[in-house]
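In the block that follows, a single chain appears as structure tokens, in the form predicted on its own.
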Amino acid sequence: MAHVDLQTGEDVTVWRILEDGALPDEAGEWLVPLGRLKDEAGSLLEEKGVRIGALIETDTPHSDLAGIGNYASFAAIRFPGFGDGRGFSLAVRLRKDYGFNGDIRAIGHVIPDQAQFLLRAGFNTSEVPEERREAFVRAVNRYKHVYQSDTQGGISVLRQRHDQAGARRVS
């Protein structure tokens, strides 16, 4: 698997998943399941040279994401299958409702056609099969115009039309 920045296509840090009951055996960046992270944040954060992130499953209630920025500096949302879009909503909630500024990575089952939507929902990076890396990067720039607001500040086509109509009335 490749781990890529969705905008640049560059390689990003590979985060390791901390297994149940295990402690980080070396410095680095570790993903910890959200429930465990909430329970053990203090002890995990005391490990020297360890940076902790939250591993979030798509069945996580939005309310469980409150305060995540207090104990996680990055997050990964795991998509179990193509038809499960709840991960997009979780990323939006992290960005908009909880002001999470850390890296959010999509892991699991994501496809190049979702790349632009991942970025617009607030994901920065994605775990992708190596053979699909270039397809992901190209897909991010596939469409210039958007029909809905997003976490990136894109102006919707509807808003652009209203602004143009208003400008014509004024002049």
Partner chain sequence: MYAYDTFDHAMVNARVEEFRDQVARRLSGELTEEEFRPLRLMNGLYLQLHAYMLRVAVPYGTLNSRQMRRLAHIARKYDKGYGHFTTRQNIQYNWPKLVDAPDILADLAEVEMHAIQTSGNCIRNVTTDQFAGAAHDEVADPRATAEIIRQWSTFHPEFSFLPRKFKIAITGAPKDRAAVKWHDIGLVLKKNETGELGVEVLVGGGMGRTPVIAKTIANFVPESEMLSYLEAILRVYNEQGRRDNKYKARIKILVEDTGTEEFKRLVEEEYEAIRAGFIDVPAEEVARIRQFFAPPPLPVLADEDAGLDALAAADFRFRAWVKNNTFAHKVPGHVSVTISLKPHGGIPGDATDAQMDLVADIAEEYSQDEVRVSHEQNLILPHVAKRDLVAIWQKLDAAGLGAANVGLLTDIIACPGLDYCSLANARSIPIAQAITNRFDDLKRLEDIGQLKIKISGCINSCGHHHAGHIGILGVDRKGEENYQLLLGGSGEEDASKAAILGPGFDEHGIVDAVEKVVTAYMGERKEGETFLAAYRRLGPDVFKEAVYGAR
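Positions refer to the first chain, counted from 1. The structure presented is a predicted model; accordingly, all values stated were derived computationally and were not measured.
There is another form of the same protein, the form predicted in complex with the partner chain; it is not shown, and what comes next is about it.
- In the predicted bound form, the partner chain stays beyond 4.5 Å of every heavy atom belonging to residue 99.
- When contacts are judged by a 4.5 Å heavy atom cut-off, residue 157 counts as touching the partner chain in the predicted bound form.
- In the predicted bound form, at least one heavy atom of residue 113 sits within 4.5 Å of a heavy atom of the partner chain.
- In the predicted bound form, none of the heavy atoms of residue 51 sits within 4.5 Å of a heavy atom of the partner chain.
- Shown alone, this chain has one stretch from 99-107, 66-74, 130-138, 29-37 that lies within 4.5 Å of the partner chain in the predicted bound form by heavy atoms: 130-138.
- Although the partner chain is not shown here, in the predicted bound form the stretch 52-67 places heavy atoms of just one residue, 62, within 4.5 Å of it.
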